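A single chain, nothing else alongside it, follows as structure tokens in the form predicted alone.
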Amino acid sequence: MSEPLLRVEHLKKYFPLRGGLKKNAAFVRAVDDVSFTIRPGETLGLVGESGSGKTTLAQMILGLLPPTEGTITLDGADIWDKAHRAQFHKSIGAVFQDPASSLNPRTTVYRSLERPLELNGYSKGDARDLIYETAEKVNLGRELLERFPYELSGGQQQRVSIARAIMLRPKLLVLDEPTSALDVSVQAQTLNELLELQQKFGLAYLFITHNLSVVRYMSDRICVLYGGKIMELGETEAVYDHYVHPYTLSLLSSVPPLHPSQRNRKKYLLTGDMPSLIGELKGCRFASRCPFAQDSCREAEPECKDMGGEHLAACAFAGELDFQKD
């Protein structure tokens, strides 16, 4: 098994509300002790409802937001080490939810693709060759390169974002809801193009989405996040077919069944809001909404249980609950 490309260890991000990060100051635990790895060429799907910490986690991995505690290493080097900072920027790329907002409306597509190459020392000629080559790989016609972003469709704008992200041949792409703003038919085309690019270049993906069907199609492993903590982590089929955490059950219950025989299945839909993440927190983050919670769940924070085969679950009763999956 290959060594991890990305290693996230005990990562925390606390946002102070008053008094800074001093003792007894109020702060929001947006990400609270998260650890995982991504191997070369692997896709890790990151799922969870709004407010679970997915985007904050992505911003820290991209080096846009410093962590409160913990480490992030890419290719064995700390991403905040100044000696490796330039190489880090070449080794990681990002594709965001709204492609139009990530493109300069006042410059042509060609110029948007050329600018990062200029900053990395490419000559005009070399940049032109690489832009044409990359545009072809993402099925972006050359005639579109001289247009402005507003003259392109949503799918074409997202291809521009993907082209810009892969031009410097990164090893890892962070994809934050890359298809949620696109029509369903365009979503499928974009996802297939991402899979083709991954095979061609051996890219690793951190794929963030609300769409559980998409994450199953794209991912090798899935990380379920709630309240800034990992609830369940494992290979895709293990998480989907042998889930052991009540929160994973609730997420999967919200997915419309594809087969008529599953329409009468028992559902465990979430009620209420996510608990406050401010100040000192006690017990399991999911206890206030969990249909299986016991008094002990509200008192002690559960440790991650190893369910075998790199399948982890942060539930005191993981493997003991009857979810009536059939």
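Sequential numbering from 1, following the sequence displayed. As the structure is a prediction and not an experimental result, all values here were calculated from the model.
There is another form of the same protein, the form predicted together with a small molecule; it is not shown, and what comes next is about it.
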Would the small molecule be touched by all three of Thr179, Ser185 and Val214 in the predicted complex, meaning a heavy atom each within 4.5 Å?
-> no
Contact test in the predicted complex: Gly53 vs the small molecule, heavy atoms, 4.5 Å = yes
Does the small molecule get within 4.5 angstroms of any non-hydrogen atom of Leu277 in the predicted complex?
-> yes
Check whether Val28 has any heavy atom within 4.5 Å of a heavy atom of the small molecule in the predicted complex, and answer yes or no.
-> yes
Answer with yes or no whether Glu49 is in contact with the small molecule in the predicted complex, where contact means some heavy atom within 4.5 Å.
-> yes
